[in-house]
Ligand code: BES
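In the form predicted on its own, a lone chain appears below as structure tokens.
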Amino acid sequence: MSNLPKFSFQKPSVPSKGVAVLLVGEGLGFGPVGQAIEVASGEALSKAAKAAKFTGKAKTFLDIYAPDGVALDRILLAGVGDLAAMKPQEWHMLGGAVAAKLTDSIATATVVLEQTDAESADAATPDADAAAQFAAGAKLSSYRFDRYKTKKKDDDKPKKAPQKLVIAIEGHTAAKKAFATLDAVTDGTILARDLVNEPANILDTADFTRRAEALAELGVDVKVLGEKEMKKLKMNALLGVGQGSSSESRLVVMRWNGLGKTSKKKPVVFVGKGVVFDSGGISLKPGAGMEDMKGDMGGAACVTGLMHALAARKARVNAIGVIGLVENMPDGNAQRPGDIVTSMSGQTIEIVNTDAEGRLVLADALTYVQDKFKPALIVDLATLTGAIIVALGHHYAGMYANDDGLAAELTAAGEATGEKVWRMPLGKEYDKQIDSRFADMKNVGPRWGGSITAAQLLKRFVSDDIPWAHLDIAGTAFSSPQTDVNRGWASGFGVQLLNQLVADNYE
């Protein structure tokens, strides 16, 4: 995280050094600080804007270098259009976009968040939540994963964010407090990104476990089940996936008791698929693009980042995160097509394709959390199928749910955070497609509707009286489109979404 800027908050005033970022409303509306700079510089702002045909339209920018009359190296005008109409997510994205414009070895940048019409007493003024969202977006936009680059040509060197980013806003104390809460979620997202970005020779099941155990510093109770313990629990579906690897399979249980250990309230439970590398096993994947399969633990990364977020912000909720960590490799001991395994639930599964392994990990993990914790709800996440990318592309995660209320809550949380989900169908017609002639079910169905049949398999391991949702994040966890707040390969998708779900409905 060395590239991330340090944040501070203060009252608005004309900056005395570095770079100033000024909000500009539609029609060149400046706030009080902007007006003061405009006067001191001999109307340099409006003159430059006129020359560049800059009007303050939303999502437009104009750089003014070394303006006369003020002790500033540079002024960045950020168009916001109708300031009063801006939503929290738009402030988040604006912060990311501004941070991207400030990547040229700047020591200090001051962002002045003020009304964009200095003449009107009724003009909208950014509040503490807007400032917090702006800062969080700027931090996420500044994230880079380059720890393994040792020699960099000038053209290859990643551009640095400002060393210090000052947010100038009325009510700066409230803004600082709001950011502290949101920053816990931002750090959880960055943790998830780091986990997905790490190569599999570094992040094996043991290293992932150690990183999850580090959450104990925040008060998270972490318990690890190894292969010996899982064999006693008859978790043969999960264990079968990892039996071809030298990396021991594990189940990591992370518990945050935000309501206290004596609370009788049922916990909310999150389950993540953690295949630290997926070769496909005996059903070997094609070589092209296989390096991306270091990211097949995106669900587990999200759950780990979420537990960090909840603990760091002291969420008033009892939450449990469970991640199944395995590596799917082909060797003489690897699981074969045609094998039949007995899951922890007692249901049997015919292995038709060893590359349909994530659902096997989740099947046993879902059984475990129901038996152990009697949860209020379960949400599982997995980079499960390429079929969901065919269906939805890279902009939405596929959502399957047995409960309309939970589905609506997740949809609303996705709209609020920009981590959007789209509800997909479940039905008996699809369920029949995974019936096996030799076992209770087979781990893959026919080619069409592959994401749905995977979800149907998971549904067989969840009690109908427990609200459950499955999120297929194969299209959103990595290699998703670049955005104002994500300029890397791994997105950390799901941390903000699930934190919002908890904050809105379960605290």
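This structure is a prediction, so every number in the text was calculated from the model and none was measured. Residue positions are given as counts along the sequence shown, with the first one as 1.
What comes next is about the form predicted in complex with the named molecule, which is not displayed.
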Only one of 37-45, 57-65, 458-466, 472-480 has residues with a heavy atom within 4.5 Å of the named molecule in the predicted bound form, and that stretch is 472-480
Could you confirm whether S345 comes within 4.5 Å of the named molecule in the predicted bound form, counting heavy atoms only? no
Might Q89 be said to contact the named molecule in the predicted bound form, defining contact as any heavy atom within 4.5 Å? no
In the predicted bound form, is there a heavy atom of the named molecule that lies within 4.5 Å of any heavy atom of G386, even though the partner is absent here? yes
Does any part of V444 reach within 4.5 Å of the named molecule in the predicted bound form? Heavy atoms only, please. yes
In the predicted bound form, the residue from T125, N353, Q163, S436 with a non-hydrogen atom within 4.5 Å of the named molecule is N353
If you check K139, R359, R193, H308 against the named molecule in the predicted bound form, which one has a heavy atom within 4.5 Å? R359
Full three-residue contact with the named molecule in the predicted bound form, heavy atom 4.5 Å, for E409, A412 and R423: no
Listed by sequence position, which residues of 226-260 have a non-hydrogen atom within 4.5 angstroms of the named molecule in the predicted bound form? none
